[in-house]
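Shown next as C-alpha cells: one chain only, the form predicted alone.
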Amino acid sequence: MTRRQASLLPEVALESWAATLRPPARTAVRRFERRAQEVSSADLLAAIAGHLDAVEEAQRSNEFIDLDMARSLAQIARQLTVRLETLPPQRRIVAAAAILYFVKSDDAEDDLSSSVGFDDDAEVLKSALRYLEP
C-alpha cells in the first residue's frame, strides 16, 4: 500500500486529526473510531438532541453548567451532521467522531459536573471544523 492510499483510509485520517488534540481528548476521540464509521446522520441528530436534553435537565440542579455553550456546540454538531453525507469517508469519520465526542457527557471533562465541562467539546468540534475546511 502506498503512502497516498494509506492517507485515504478513514482510520488514518482519524488518527491524523486526533493527533492535533490534547491528550485527554485525543484518547477519548480514538474510542469512537468504529462507531464513527457506522453511525447514521439520524442517529447522530437524535444523540445531539438527547444530550442537549440531558444538559438542560442537569443545569436545573447545577447552575454552573454552561447551557449556552452546550446549545452553541449542539448547533455546530447539527451543522456537521447535515454535511456528513456529502463528505468523503476520511473526512466523514472525523466529523462523526467529533459529534460522538460532544454527545458523550463523560469525555475528557465531564459535561454535567463541571463549569468548564464543554471546553474540551469546543476544542474537538473546532478542530474538526478546521480539518474539514477545504
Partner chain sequence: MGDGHYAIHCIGVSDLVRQHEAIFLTQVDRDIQPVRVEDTKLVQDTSPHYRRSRLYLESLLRQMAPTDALLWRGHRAAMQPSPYQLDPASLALSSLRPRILIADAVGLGKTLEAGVLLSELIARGRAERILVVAMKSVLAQFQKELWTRFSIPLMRLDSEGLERIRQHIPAGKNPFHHYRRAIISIDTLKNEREYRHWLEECQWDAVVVDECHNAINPGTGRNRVAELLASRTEALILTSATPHNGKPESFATLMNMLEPTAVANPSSYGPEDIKGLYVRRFRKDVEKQVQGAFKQRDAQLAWADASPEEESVFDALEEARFHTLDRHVRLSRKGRARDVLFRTTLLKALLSSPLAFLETVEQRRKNLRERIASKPEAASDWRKDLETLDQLHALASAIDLPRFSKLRLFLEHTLPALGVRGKPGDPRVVIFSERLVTLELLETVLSNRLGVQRNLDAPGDGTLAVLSGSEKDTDVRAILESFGSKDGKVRVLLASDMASEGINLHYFCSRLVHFDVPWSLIRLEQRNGRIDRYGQSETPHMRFLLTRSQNGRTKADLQVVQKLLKKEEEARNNLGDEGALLGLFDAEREEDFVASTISSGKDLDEEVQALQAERAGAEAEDALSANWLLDLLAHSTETTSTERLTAEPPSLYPSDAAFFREALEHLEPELKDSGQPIQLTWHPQRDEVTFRAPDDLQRRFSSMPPQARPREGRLHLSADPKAVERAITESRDRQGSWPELQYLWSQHPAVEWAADRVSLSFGRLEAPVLVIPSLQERLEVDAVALVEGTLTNRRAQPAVTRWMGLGTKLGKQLEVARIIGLEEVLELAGLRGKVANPGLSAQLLTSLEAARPLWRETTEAEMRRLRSERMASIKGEVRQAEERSSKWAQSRLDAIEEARQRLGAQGTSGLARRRRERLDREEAQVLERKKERHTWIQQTLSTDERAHVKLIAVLVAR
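Note that this is a predicted model, so its numbers are computed, not measured. Positions refer to the first chain, counted from 1.
Below, we refer to the form predicted in complex with its partner chain, which is not included among the displayed structures.
Screening 33 to 41, 82 to 90, 46 to 54, 59 to 67 for residues having heavy atoms within 4.5 Å of its partner chain in the model of the complex returns a single hit, 59 to 67. Proximity of residue 26 to its partner chain in the model of the complex falls within the 4.5 Å heavy atom cutoff. Put simply, residue 100 is far from its partner chain in the model of the complex: not one heavy atom of it is within 4.5 Å. Remark: residue 116 counts among the residues lining its partner chain in the model of the complex, judged by a heavy atom distance of 4.5 Å or less.
In the model of the complex, at least one heavy atom of residue 108 sits within 4.5 Å of its partner chain.
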